[in-house]
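Okay, so here's just one chain, in structure tokens, the form predicted on its own.
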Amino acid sequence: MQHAKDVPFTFEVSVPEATMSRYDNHLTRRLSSMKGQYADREAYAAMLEQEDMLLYEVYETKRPEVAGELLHGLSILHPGKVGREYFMTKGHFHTVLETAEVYYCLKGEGMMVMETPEGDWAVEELRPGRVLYVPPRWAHRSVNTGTEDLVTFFVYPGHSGHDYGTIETQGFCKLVIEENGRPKIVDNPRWRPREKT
């Protein structure tokens, strides 16, 4: 796709409809793309047998994937659970580890689960009007703990890239489950510390 050089542009984000007026790419992730990510594998298999449901969508405005550009878009994570674990995004490190990302929550309730390659972790609440800064070196995954769509606007450096493979193999050290009608952060029983190279 051709992009005009250094020409400012605008677009509208509609919170009630959870849409962007201008976007170049619409990405969808279904349950089948999350194989091995949910702790309750029996519940996952049973749900997938019933329906390969849509978990989340991403609307992106394409820009050159180079330093100096800012890639951005809208993430819509639908509500639901696999077993007791809330619907979540795949989660990723950035390929260029020393790059950050900003999320602005527009709608819904959720959490951002984060961790570093060294094993530090954090979980921050997402709610309308809240801005989350994810520093360099932190993998991140959105979790919808509410009953409506969790909608966030995101911005990250154009040359960051995405490393999904590390998370697909390893998972995150923390999970967010429902306990007594409320979200609870628990250890991931399948997580193991990464080997130092």
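Owing to the predicted nature of the structure, the values given are computational and were not obtained by experimental measurement. A residue's number is simply how far along the shown sequence it sits, counting from 1.
There is another form of the same protein, the form predicted together with ligand F6R; it is not shown, and what comes next is about it.
The contact with ligand F6R in the predicted bound form, taken as any heavy atom within 4.5 Å, belongs to H162 out of K35, K62, H162, R30.
Among heavy atoms of L132, none comes within 4.5 Å of ligand F6R in the predicted bound form.
A residue is said to contact a partner when one of its heavy atoms sits within 4.5 Å of a partner heavy atom; K90 meets this definition for ligand F6R in the predicted bound form. Although the partner is absent here, Y156 sits close enough that one of its heavy atoms falls within 4.5 Å of ligand F6R in the predicted bound form. Remark: E85 does not count among the residues lining ligand F6R in the predicted bound form, judged by a heavy atom distance of 4.5 Å or less. In sequence order, Y56, V58, S75 are the residues of 44 to 76 having a heavy atom within 4.5 Å of ligand F6R in the predicted bound form; the partner itself is omitted from this view.
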